[in-house]
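One chain follows as structure tokens, the form predicted alone.
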Amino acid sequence: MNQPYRIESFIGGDYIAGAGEAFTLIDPSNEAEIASYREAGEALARQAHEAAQKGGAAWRKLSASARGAILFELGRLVRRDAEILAQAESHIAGKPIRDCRAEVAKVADMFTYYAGWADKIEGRVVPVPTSHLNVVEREPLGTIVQMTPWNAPIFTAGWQIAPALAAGNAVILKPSEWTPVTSVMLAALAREAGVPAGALNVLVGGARTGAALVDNPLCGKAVFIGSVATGRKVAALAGSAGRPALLELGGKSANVIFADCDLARAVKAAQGAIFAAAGQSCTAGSRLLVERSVHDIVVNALKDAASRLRVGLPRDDATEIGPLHSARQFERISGMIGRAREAGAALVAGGARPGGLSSGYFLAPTILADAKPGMEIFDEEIFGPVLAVTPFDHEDEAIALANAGEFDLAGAVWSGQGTRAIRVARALRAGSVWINGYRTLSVQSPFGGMRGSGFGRSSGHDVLLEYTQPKSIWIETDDHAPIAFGYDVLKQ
């Protein structure tokens, strides 16, 4: 098998091959083997932490302005190699090349944005009721261990790396074992940009490597993006050692359409909310709640749209929906569709492999009507191009349906009445809510969830608070201030 990519860990500025479990990467579009590698394992996890200690110290010795200049240069290098990164991402993750190009461009923007923040992380002076000058500084946590998922490898890598470095931390990134390629490429670009060796390391491998990184006493904070079950294990492991964690987990986002909205816009946005990226997104609008008076109109329009969406090979510029990531995903989601029909949901569109694609993990855009609370497709994250549609009769019912379940990541409200739109948006339990739109994300705005969707925020100014800690420094300004305890044995 020809190895088109170098899949080794990047530690202390050098590529280092692992000696652990072997992983083979599969092209989701044709089920062919792409490459194989061995994971880092415990020994390289220790080595990465040691490298991060040295590299992090060198990174923090630089002025904040110098760190910002390096991050700005890294953004430029990402733009320079944008097509190379996008093609690799599309090949490994099976995502349409049009999506990968857009995501790589956003990664470059992330480094540019946080380059500007590097010298603006300021402290404050607290007016304490004593003669002290009380200065509160924000200092980096040390080494941040970050674990990113397979559905958006380079996007989530940039999303986490940029603010952590801007805040003065060292980073050890462990991408999903199934999509490590572009994360390693990004680390090499960081070294080229001037990030000191060891300040950014990437370890390739699975759960064993991730656990070794979090369990190391040099870990300053654990960050995990992915499934609820694994995220809770990461948080428990970090918590047992007294280390903080940031979790960005699953979503089951409700997209609420009221009859008085611009239905044409709402229907078009609903397509992108669930079918973009083949539905493999934590913010996918997988639950569509529609006011009953326009329910049939919306469902029929979506059925027509689903038949027009172009499902095809990821690196074809015309492709709008690529394959699911793996055979496991295809089988899991196919099973959920079958069980939904058995539970009483009506199959409106899709539900199987589209014609003309005999290999690969392709699933046609799928719409299931009459979804109800208690059904698996209503309650559980699908992570595929499957839309569950539920009618409602009044505003309170819409809010109750939207807030059902354990996931509180995102949601949307469509209404021509501004007061109602704001009222419902405030009532939705979600970290991000869109009004008359869907899934507009920016590195400048905080993003994250609550309850089953995790905790902490991964962007905007808020993430700089996640990656720093306050230190209170008390400076006595009165040479004759009384000292409450002790004897004056050295008085002259």
Ligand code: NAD
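Nothing here was measured: the structure is a model prediction, and the numbers come from that model. For every residue, the number given is its place in the sequence shown, counted from 1.
Separately, the form predicted in complex with the named molecule exists; it is not shown, and the next lines address it.
Visitor: Heavy atom within 4.5 Å of the named molecule in the model of the complex: which of V126, A105, A207, A327 fits that? Just give me the one.
Guide: Going through each option in turn, the one that passes is A207.
Visitor: So the named molecule isn't shown here. In the model of the complex, which residue out of I154, A402, L249, I367 has a non-hydrogen atom within 4.5 Å of it?
Guide: If I apply the 4.5 Å criterion carefully, the residue I get is L249.
Visitor: Honest question, do N255, G285 and N436 all end up within 4.5 Å of the named molecule in the model of the complex by heavy atom distance?
Guide: No, the whole trio is out of contact, none within 4.5 Å by any heavy atom.
Visitor: With the named molecule left out here, work out from 228-236, 255-263, 194-202, 113-121 which stretch has heavy atoms within 4.5 Å of it in the model of the complex.
Guide: It is 228-236 that comes within 4.5 Å of the partner.
Visitor: May I ask you to check whether A352 falls inside a 4.5 Å heavy atom distance of the named molecule in the model of the complex?
Guide: Heavy-atom contact with the named molecule at 4.5 Å: absent for A352.
Visitor: L409 versus the named molecule, in the model of the complex: is there a non-hydrogen atom within 4.5 Å?
Guide: Contact with the named molecule, yes.
Visitor: Can any non-hydrogen atom of W159 be found within 4.5 angstroms of the named molecule in the model of the complex?
Guide: Because a heavy atom of W159 falls inside 4.5 Å of the named molecule in the model of the complex, the answer is yes.
Visitor: Is there a non-hydrogen atom of E177 within 4.5 angstroms of a non-hydrogen atom of the named molecule in the model of the complex?
Guide: Answer yes; at least one heavy atom of E177 falls within 4.5 Å of the named molecule in the model of the complex.
Visitor: Going through 253-274, which residues have a heavy atom within 4.5 Å of the named molecule in the model of the complex? Please give them in sequence order.
Guide: The stretch 253-274, when checked against the named molecule in the model of the complex, contributes no residue at the 4.5 Å heavy-atom cut-off.
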